[in-house]
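Below you will find one chain, with nothing else, as structure tokens; this is the form predicted alone, and questions on how it binds or moves follow later.
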């Protein structure tokens, strides 16, 4: 199925948001996730199923500054 990840169309096998994070080798504690403009609580990453046409945004935490 096709979903958009950070604005780019990608073909994935399906599954949950957590499955997608694992495929992309992204640590769940290092990112906030939106699916179709709705913030997904970390407790629900493993139970939130992705469907055809979903728009997923990964928002990465960045350190720095003074």
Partner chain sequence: MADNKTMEFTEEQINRYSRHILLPEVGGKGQKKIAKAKILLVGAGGLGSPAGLYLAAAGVGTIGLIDSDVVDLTNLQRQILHHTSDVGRPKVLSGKEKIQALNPDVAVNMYEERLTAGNALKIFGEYDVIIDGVDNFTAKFLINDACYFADKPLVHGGILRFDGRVTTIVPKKSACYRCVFKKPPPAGLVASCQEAGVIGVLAGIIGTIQATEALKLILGIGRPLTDRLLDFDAKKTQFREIKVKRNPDCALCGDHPTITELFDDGDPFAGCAARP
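Positions refer to the first chain, counted from 1. It should be emphasised that the depicted structure is a prediction, and the values quoted were computed from it without experimental measurement.
Beyond the structure shown, there is the form predicted together with its partner chain, which is absent from this document and is the topic of what follows.
Within 4.5 Å of some heavy atom of its partner chain in the model of the complex lies at least one heavy atom of residue 57. Of the heavy atoms in residue 6, some are within 4.5 Å of its partner chain in the model of the complex.
Of the residues in 27 to 41, those that come within 4.5 Å of its partner chain in the model of the complex through at least one heavy atom are, in sequence order, 27, 29, 30, 32, 34, 37, 39, 41.
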